[in-house]
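Below sits a lone chain in structure tokens, taken as the form predicted on its own.
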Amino acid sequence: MRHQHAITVGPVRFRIGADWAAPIAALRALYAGYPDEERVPDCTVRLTAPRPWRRLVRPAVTISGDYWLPDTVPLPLAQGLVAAEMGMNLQVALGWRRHLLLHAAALERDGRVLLLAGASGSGKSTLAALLMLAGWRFLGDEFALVGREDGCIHPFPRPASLKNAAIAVVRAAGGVIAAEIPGTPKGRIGYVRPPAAALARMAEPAPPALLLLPRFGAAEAVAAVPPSEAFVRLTQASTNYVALGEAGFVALTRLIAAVPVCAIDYPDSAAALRLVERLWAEARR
């Protein structure tokens, strides 16, 4: 790979290589302040041209690495940072086995962790960014890493990824968009860097206290979710539950037994923050 950079996020060390300098320069800027260490990378991401001539003529980026998906559509070089982030997600989703992975945001306060699990569009990344701005410790918004031995949530604080209208919402709340890329397959994407304090503590796991399943765009409502339903929904939110076998079953069963689970519907971010604070206070009694 002509250009490359290594990044450590929580327990994962990535090596990202590219045919071009621009995506690597964008990654260096976005991940400035992350720890620099000398150890063998756990995951490799490659950003390459689909054909040799596409390095120069209408340059386009394909994503590969330790794991790859066939028939993916290349992205324009101007979206190289998005491709790098997608590549990092792909390697962790398909290759990581040291923790149970949940597609969820995680934030810590008073030594306990709030989990937000939801499908794309549910608003969990926006809510996680707003809570981060409100002083919660940011553990991540893409994957929650559930410890197989201790049941704790291990930080994986990559920059929060926001889409379209969420960018303005977070910016209005005082957030700084470190990088913004228009015209991606998911529309405009903006990244919010975690605070330095979150990076300084990204080797500190914490036990979970509450799991919320948010849904944006509906009238305000809260409903307790029975453990059986929560279990099934989280198996669907995990990329490695099946691959872990018994270890995944044990980890997920322990998580469900340890925390209350609620589904929350909300019409706007103010209602969401109010519901989170109320349910967090109830869970901590």
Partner chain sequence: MSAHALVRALVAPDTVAALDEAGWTGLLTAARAERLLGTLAMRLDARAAPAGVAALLSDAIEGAEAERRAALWEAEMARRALAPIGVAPILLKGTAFAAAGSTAARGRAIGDLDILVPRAALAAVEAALIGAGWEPVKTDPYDDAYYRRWMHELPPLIHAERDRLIDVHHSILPPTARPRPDAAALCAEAVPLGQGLWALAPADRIVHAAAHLLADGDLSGGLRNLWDIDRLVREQGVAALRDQARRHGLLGPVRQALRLAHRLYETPCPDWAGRFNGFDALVRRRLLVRDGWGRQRHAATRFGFYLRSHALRMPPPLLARHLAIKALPPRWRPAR
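Positions refer to the first chain, counted from 1. Being a predicted model, the structure only gives us computed values, none of them experimental.
What comes next is about the form predicted together with the partner chain, which does not appear here.
Using a 4.5 Å cut on heavy atoms, which of R233, R46, R254, R54 is close to the partner chain in the predicted complex?
-> Comparing distances to the partner chain in the predicted complex, the residue within 4.5 Å is R46.
Contact assignment for the partner chain in the predicted complex, among F216, Y34, Y241, Y67, heavy atom within 4.5 Å = Exactly one listed residue reaches within 4.5 Å, namely Y67.
Residue contact check: R109 to the partner chain in the predicted complex, 4.5 Å heavy atom = R109 lies outside the contact set for the partner chain.
Examine P260 and determine whether its closest non-hydrogen atom to the partner chain in the predicted complex is within 4.5 angstroms.
-> P260: no contact with the partner chain in the predicted complex.
In the predicted complex, does K186 have a heavy atom within 4.5 Å of the partner chain?
-> No, K186 is distant from the partner.
Indicate whether M1 is a 4.5 Å heavy atom neighbour of the partner chain in the predicted complex.
-> Yes, M1 lies within 4.5 Å of the partner chain in the predicted complex.
Among 94-102, 126-134, 189-197, 152-160, which stretch has residues whose heavy atoms lie within 4.5 Å of the partner chain in the predicted complex?
-> Of the options, only 94-102 has residues within 4.5 Å of the partner.
Neighbours of the partner chain in the predicted complex among 133-148 [non-hydrogen atom within 4.5 angstroms] | Stretch hits: a single one, R148.
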